[in-house]
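Just the one chain here, the form predicted on its own, laid out as structure tokens.
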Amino acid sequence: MVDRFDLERLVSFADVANAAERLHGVAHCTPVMTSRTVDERVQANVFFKCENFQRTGSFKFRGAYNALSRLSDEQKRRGVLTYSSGNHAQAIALAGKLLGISTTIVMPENAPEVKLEATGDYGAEIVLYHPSEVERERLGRQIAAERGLTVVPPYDHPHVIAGQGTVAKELFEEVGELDCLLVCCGGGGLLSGCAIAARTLSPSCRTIGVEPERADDATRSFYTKTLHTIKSPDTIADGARTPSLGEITFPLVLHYVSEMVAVSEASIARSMFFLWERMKLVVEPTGALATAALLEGEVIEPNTRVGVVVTGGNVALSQLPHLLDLAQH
């Protein structure tokens, strides 16, 4: 097991604070929303940190810009590569455009069309692959080696994690200490970054990670203390289709996170439409994971102050019939 000092050498709150300085004036300081209806329903004071209003429509811009801004001049000249189902792809593409860095993105053929289009619009070169036939990390490393590109992975990278941790830093600075913070989990970059920020800014706050039941590798890993992998999980939460936690995020999650829970596909869809209809927040399925844990009773925190990270709003409208059908079950 990695000890505390080794963990702090991986990513510390000082790294999160440094990322916040780099992002100042570049990333949006996203709004915090509240709802009397939600508060009455769960008998708690709930604060929604709305990263669906972030540049590129998700929290991913924070980590992407922080990582790219720290590259050497030579690395910037050569260009970067990443692999992503969509939100990190868009974030790297826009960060590269702002910093004058060429970007190559390895994306699955089944990525949401809205995310494919946006990534291309930001100027990135897109390389498509079939997720059931090709391992994206291996393909990415191969292309990067051939072209001399620097790989900036979607979550298992210290500067990406530190950038994502600024989400929680902003939330605590606006609303004060919390009893509980709910954060969605794919590869664990956002979750570990936010948990690090919570440990410093609200030491008694319990950080809880939320996954889809169909992609609960991190939940299994958390409770068994052994890394689990699920290849190409079939979930509507495409941002959580990562196969496993990473070499960096796994020990960080084990140390800083208090609990992991998993939610059903139907609860994700219901919660997404609740945010649309009652709070007027356009949120994608992955963005509703943390909300689902609260509204569907997987996490019960009466008479407390609860933070919920709404991670993104890049939903493809063509998915609506399927999502509506799921929500009714």
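The first residue of the shown sequence is 1; numbering continues from there. Computed from a predicted structure; not experimentally measured.
Not on display, but discussed next: the form predicted together with another copy of the chain.
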Exercise for the section: With another copy of the chain left out of view, choose which of M260, M279, A266, A44 has a non-hydrogen atom within 4.5 angstroms of it in the predicted bound form. Expected result: M279
Handout entry: Among 299-307, 285-293, 63-71, 268-276, the region lying within 4.5 Å of another copy of the chain in the predicted bound form by heavy atom distance
Key = 268-276
Exercise for the section: Using a 4.5 Å heavy atom cut-off, state whether L317 contacts another copy of the chain in the predicted bound form. Expected result: yes
Exercise for the section: Enumerate the residues of 19-57 that have a non-hydrogen atom within 4.5 Å of another copy of the chain in the predicted bound form, in sequence order, or give none. Expected result: V26, H28, P31, M33, R36, N52, F53, R55, G57
